[in-house]
Structure formats: structure tokens, C-alpha cells
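Read the single chain below, which is given as C-alpha cells and is the form predicted alone.
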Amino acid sequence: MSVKAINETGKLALYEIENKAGMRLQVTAYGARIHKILTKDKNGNTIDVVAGFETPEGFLGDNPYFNAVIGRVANRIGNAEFTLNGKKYTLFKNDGNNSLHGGKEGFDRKIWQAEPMGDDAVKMTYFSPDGEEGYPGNLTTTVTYKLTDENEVSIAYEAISDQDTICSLTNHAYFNLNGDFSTVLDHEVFIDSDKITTIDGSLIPHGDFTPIKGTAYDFSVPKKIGKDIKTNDFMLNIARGYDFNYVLNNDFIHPVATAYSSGSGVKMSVFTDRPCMQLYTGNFLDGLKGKKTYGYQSAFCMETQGYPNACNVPSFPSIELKKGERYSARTSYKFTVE
């Protein structure tokens, strides 16, 4: 195992971790992003399975949260507001009438302090001041990326605030296990879930659940993403594909989800201690040019998270972070070849 600095200075600081199998993980300080995941396919060729740009400078332009840490709160907050301890907080509306992925300039647009940790990890730290993007409390967040010799990319999140606040973090990595980013409709996906949170016309959940067994949303038996994606259904239609929060049957011992490409032979298994995961099939990718040209449904995301809009739905498990308490979350993506 080894960690080397490709560039140690500025907002584009870039580090690479390499394991004994030759798998490499690159992370950059701007948005605490994954820059590249370079792994072997079934033919022994090295492929990069995450979207993005050839150099970290590409992330400085507009992009759909490519591989970034999302905060303070992942996913959507309805009406861009919430009430905490009897006080209403108003957020920036960057998704219609709602706030999405932290607001106008969330954690994905911040410069994190990067620091190598031994020979297999890099820690990123960001201090978010009280009132930033409308959220209360000075919040210090650390995200540690680690690569194991078992080809597992692990992400450990921690955060602490000096006031009561809300916090729900994720990583918005866009994957294509062929590395060509032509389509993901041929990827076979499994998700250990029996229900999704029901959404309204602006993709906001309000506390209801949709049982999914035997429906187009069901991935409890592995199937190709494209099999049912064009089903004529209200939620699939408004989302233009899959963009739904799956409530997980989770024990952190077994994968909560897998994705597999027969083309490359690469399989990705997802482990997490989070209660939910958003499956997103790149429905708003529109031809942005980076390492590849990213068209409609050319990448997918498996974003582990707390319940979306939980700050406005009392029946959902809370995402409130009490003053002085520590937020902690873990997710890992393990890569194998079949």
C-alpha cells in the first residue's frame, strides 16, 4: 500500500492511494471528491469506473456533483426550509422550490484540507461556519478515504457542531463499470430493500412508503437497470428514470446493493451503516464533456444517506445533530471481477 501526493497545494490538491493489486484511488481537495477509481476488468485492462474530468481543474466548472461529498444535508429539503428547536431556517432554493444537496454552494464547492493518513488513507477536513447556506452551528466535518488490499474503497464521515443543527452526508459518485460511459441500462443491479419513500411531483417525500415487491422499482432479485426503467408510472415518469430513496434491509455484514457489468466483468458491492440509499440513473446528464461525454443515463449513483427531507417529516428517523454530539457514518464500495 502507498499514498503519494500528485499535487499537495491549493484547492486542487490531489492524492493517490495504490494497493498491492495495482488498484488506485485518487481524491482531490475541491469538494473532497473522488477523482478516479482505477481497477482491473476481466481482461486485465485498467479502467476508470467513475465520471469526472482528466484533471481536477475540470471540477471547478459546473457539473452535476461529480463524485463529491454532499452536505450539510444530502438530497432534497422541501420548500427549502426546516424548523429546529422552534426556529424556522430558510435555505437557498436551487431545485425548483426546494433545496438540493446543500444549497447554492454546498460542500461539493468547498476547499477541504487534505492530509495523508498512513499508507492507505487520506483525510479531508472542512469547517462550515454558523449560518453558511442558512444552517445553524459551526460544523467541522472530516471524511476519510481508505483503499484496502481487498479492493475496497471505504468512506468514513464524522462531524461535530457547537449548536444543534441538521446533518446528513453522502458521496455523489457516478459509476459506469464498463468505464466507457455509453449507457448503464445493461448493468445488473441488486438492492436489498422492500420499499421506497413515496415522492410528490417535485421528488419530495412526505412520510409515505411505496411497497416495491414485484414492481418496476424492485431490485431484490438482480435485474438490468434497463429492464423496467421505461414503465409508465407516475414516479418513474417525473424522475425520467430511477431517482428514488430505497429503505435498506441493512446489517453492514452483507452488501445492501450490488452492480455488475457483464461487459467488463466488474462487480461493485455496497456496504453501509446508513438506513437508506438513493439509486440515480443519470437522468439529467445531457452531454457534458469530461473524461468521456456524459449523456442521458450513462452513469449511475448509489448514494447512501439518511432519510430525505427528514427535517420536515417527524415520522422519519431524525437527521438532527445535537450540540457536541458526533455524527458518524460509514460506506464502502468493494470491487471484484467475475
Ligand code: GLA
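Numbers for residues come from their place in the sequence shown, where the first is 1. This structure is a prediction, so every number in the text was calculated from the model and none was measured.
In what follows, reference is made to the form predicted together with this ligand, a form of this protein that is not presented.
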Note: this ligand not shown here; in the predicted bound form, the stretch from 140 to 148, 261 to 269, 167 to 175, 78 to 86 having heavy atoms within 4.5 Å of it is 167 to 175
Which residue, 120, 243, 108, 132, is the contact with this ligand in the predicted bound form, using a 4.5 Å heavy atom cutoff? 243
Since exactly one of 114, 153, 196, 100 fits, which has a heavy atom within 4.5 Å of this ligand in the predicted bound form? 100
Indicate whether residue 284 is a 4.5 Å heavy atom neighbour of this ligand in the predicted bound form. yes
Might residue 203 be said to contact this ligand in the predicted bound form, defining contact as any heavy atom within 4.5 Å? yes
With heavy atoms only and a cut-off of 4.5 Å, decide whether residue 56 touches this ligand in the predicted bound form. no
Look up in the predicted bound form whether residue 26 has a non-hydrogen atom within 4.5 angstroms of this ligand, and give yes or no. no
Would you check whether this ligand, in the predicted bound form, lies within 4.5 angstroms of a non-hydrogen atom from each of 64, 280 and 303? yes
